[in-house]
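Shown here is one chain on its own, the form predicted on its own, set out as structure tokens.
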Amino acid sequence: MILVTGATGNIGSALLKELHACGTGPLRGLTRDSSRAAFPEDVDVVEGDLAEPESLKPALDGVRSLFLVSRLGPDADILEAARLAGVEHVVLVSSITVQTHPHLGPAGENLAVERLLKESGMAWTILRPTQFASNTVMWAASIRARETVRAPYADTALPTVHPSDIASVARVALTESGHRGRTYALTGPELVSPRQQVQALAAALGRDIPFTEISRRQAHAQLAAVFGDEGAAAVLDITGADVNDELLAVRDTVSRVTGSPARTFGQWAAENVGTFR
């Protein structure tokens, strides 16, 4: 039995579809609200909340492989619950900042979770993706209202990754041999800047989207409301203020692991254009 946590999220939903399409055997999806879950009929749907590890016991019953995104709950307790339930292999989504910006607080927290997993006695595969293409959903309300998109570091280009590519690598790691004990840094196939992302969304929509660059101070004020001061500062460092060659590297991991080329941001924009209409 494979358990996919966050099964209605950007990565989890794509992973569940891939696993189901491959006919990999019994599948279970974890969600906080089963009434809102649109899973294939033969996928077992279980309610639970990563923030409350005690609620995971029914979901973990009979599970041998687990897909987990870090820092969505008390990871030490989640991993211990998995170990006690007999889980043998965990595929963990961490962050590329563990290797590119280890001095930042969120990166240190992700590294701590990686260490917990490695010390758990369970087999592990660690995925370290870069910036998600789906982060641009934060602009959706402005684009739908035909307002100006405002972002800092307008021309700083990063190798943004499609969430479905993270899911594809996770699917291979969960179902094929040779991936246990491996750590994979994941990126998209090209560097893309915020300005270029807006242009791709405009092309998908078939209309212009006004765009303007804002300062770090302006962006920090917006982000701090969501991530707090330290989190906002970290986001701004890794999206423009403190980029380095390791962060900017375009990697071929997705194609090497899955056998298919990594998806472009333009593909993500075309697939998700309805979010911005």
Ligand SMILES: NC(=O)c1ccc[n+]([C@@H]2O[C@H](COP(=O)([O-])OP(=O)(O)OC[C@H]3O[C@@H](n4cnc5c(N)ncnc54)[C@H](OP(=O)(O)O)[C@@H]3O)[C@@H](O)[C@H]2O)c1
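From a predicted model like this one, the values you see are computed outputs, not experimental measurements. Residue numbers here begin at 1 and follow the sequence given.
Just so you know, the form predicted in complex with this ligand exists too; it's not on screen, but the next bit is about it.
A residue is said to contact a partner when one of its heavy atoms sits within 4.5 Å of a partner heavy atom; Arg71 meets this definition for this ligand in the predicted complex. Taking non-hydrogen atoms only, Ser65 never approaches this ligand to within 4.5 angstroms in the predicted complex. Within this chain, Ala59 is remote from the site of this ligand in the predicted complex, having no heavy atom within 4.5 Å. Contact annotation: Ala51 falls within 4.5 Å of this ligand in the predicted complex, judged by heavy atom distances. With the partner omitted from this view, the residue of Gln131, Thr100, Ser168, Thr125 that lies near this ligand in the predicted complex is Gln131 [heavy atom within 4.5 Å]. When you look in the predicted complex, the only residue of Asn135, Ser193, Gln199, Thr175 with a non-hydrogen atom within 4.5 Å of this ligand is Asn135. Judged by heavy atoms within 4.5 Å of this ligand in the predicted complex, the contact stretch among the candidates 42 to 50, 241 to 249, 205 to 213, 218 to 226 is 42 to 50. Interface residues of 79 to 114, taken as those with a heavy atom within 4.5 Å of this ligand in the predicted complex (partner not displayed): Val93, Ser94, Ser95, in sequence order.
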